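Just one chain is shown here, as structure tokens, and it is the form predicted on its own.
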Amino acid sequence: MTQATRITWGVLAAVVLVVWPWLTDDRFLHHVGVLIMLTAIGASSLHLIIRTGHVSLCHAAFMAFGAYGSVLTVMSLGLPFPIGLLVGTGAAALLAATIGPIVLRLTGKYFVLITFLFGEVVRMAIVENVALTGGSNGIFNVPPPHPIFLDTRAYYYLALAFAVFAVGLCARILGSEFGRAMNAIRDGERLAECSGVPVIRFKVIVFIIACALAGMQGSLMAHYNKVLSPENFSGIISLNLVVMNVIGGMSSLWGALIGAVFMVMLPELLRGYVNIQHIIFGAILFATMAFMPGGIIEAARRVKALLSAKPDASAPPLARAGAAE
């Protein structure tokens, strides 16, 4: 794909994202748009961690720190939303900087297990600390960032702005020398370390950035839902973010975004089949891992390669005719 083609597609996508909310007054569609934008932040930030060779199951815990940090700052201290957003994002980043140098020395199933346990510890701490967090009942009447954002369409544009920032930051990192070092770490830590790459330092930096973005998502989600509950940050939420990357394709940031759109819209399409939603999710995940291990992105690449395949010009005429048939 040429640079001009990429720019054309980028401009077209930007126009669609900006214009489509004005083509309908359906608040439900605007609501789905907000969820897609916010979920894209979490999926793309987790993709950064995955590109270093780790699968984290505690991303929802950092979303919780961002959400509770922001909400308590606004509701208890009476400070404006921008300050709450910064506090929540900073709290998630600080927590990541604290535990990152420890847990990132683990690999494989040990890292997955310890992150899952950490996520559950954070959730249980929220449940037990009733005086501060409201316990299992949560916090109600969370104010919006501004009265104008009571309108779902307006909140969509706020979520879109932060999603563009988060995805753009992730894309910039992955396309830089830093991103190439991340790929080297994923392909072989020892080889990368022998080549002069400070593996642990790179992992910690990526972990902090990804978790800060998760905290930002948590803050935006809390002020959108207007209700804050520990159930919003269970291990299932972290697992869903991983599934988004698996279904979309773990080798590309586009895969995380496609997976986010897929995982947000599918429950809405299956709203009348609540009892079998998990069965359908499991079947789709199994089919993806069995037949499309590279996800939707890899399947699209294969289809594109088949469609663009041309008969070999050096082959005999009969062979070229047979290929054309």
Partner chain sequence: MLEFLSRLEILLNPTVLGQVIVNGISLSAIYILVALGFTLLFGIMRVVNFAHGEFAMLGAFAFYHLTKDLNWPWMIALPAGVIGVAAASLVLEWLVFRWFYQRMFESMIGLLGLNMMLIYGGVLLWDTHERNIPAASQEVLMVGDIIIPIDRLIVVVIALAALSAFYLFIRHTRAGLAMRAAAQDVETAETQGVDTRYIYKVAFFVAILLAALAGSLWGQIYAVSPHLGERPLMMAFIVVILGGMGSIPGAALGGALLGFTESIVGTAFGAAASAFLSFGVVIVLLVFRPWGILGTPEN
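Fair warning: this is a prediction, and the values are worked out from it, not measured in the lab. Positions refer to the first chain, counted from 1.
As for the form predicted together with its partner chain, it is not shown, yet the points below apply to it.
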Partner-contacting position among 77, 121, 161, 148 - heavy atom within 4.5 Å of its partner chain in the model of the complex: 121
Its partner chain contact in the model of the complex: residue 57, any heavy atom under 4.5 Å: yes
Non-hydrogen atom contact residue 89 with its partner chain in the model of the complex at 4.5 angstroms: no
Partner proximity in the model of the complex: residue 239 to its partner chain, non-hydrogen atom cutoff 4.5 Å: yes
Close approach of residue 285 to its partner chain in the model of the complex, 4.5 Å, heavy atom: yes
One stretch from 243-251, 149-157, 215-223, 68-76 that, in the model of the complex, holds residues within 4.5 Å of its partner chain by heavy atom: 243-251
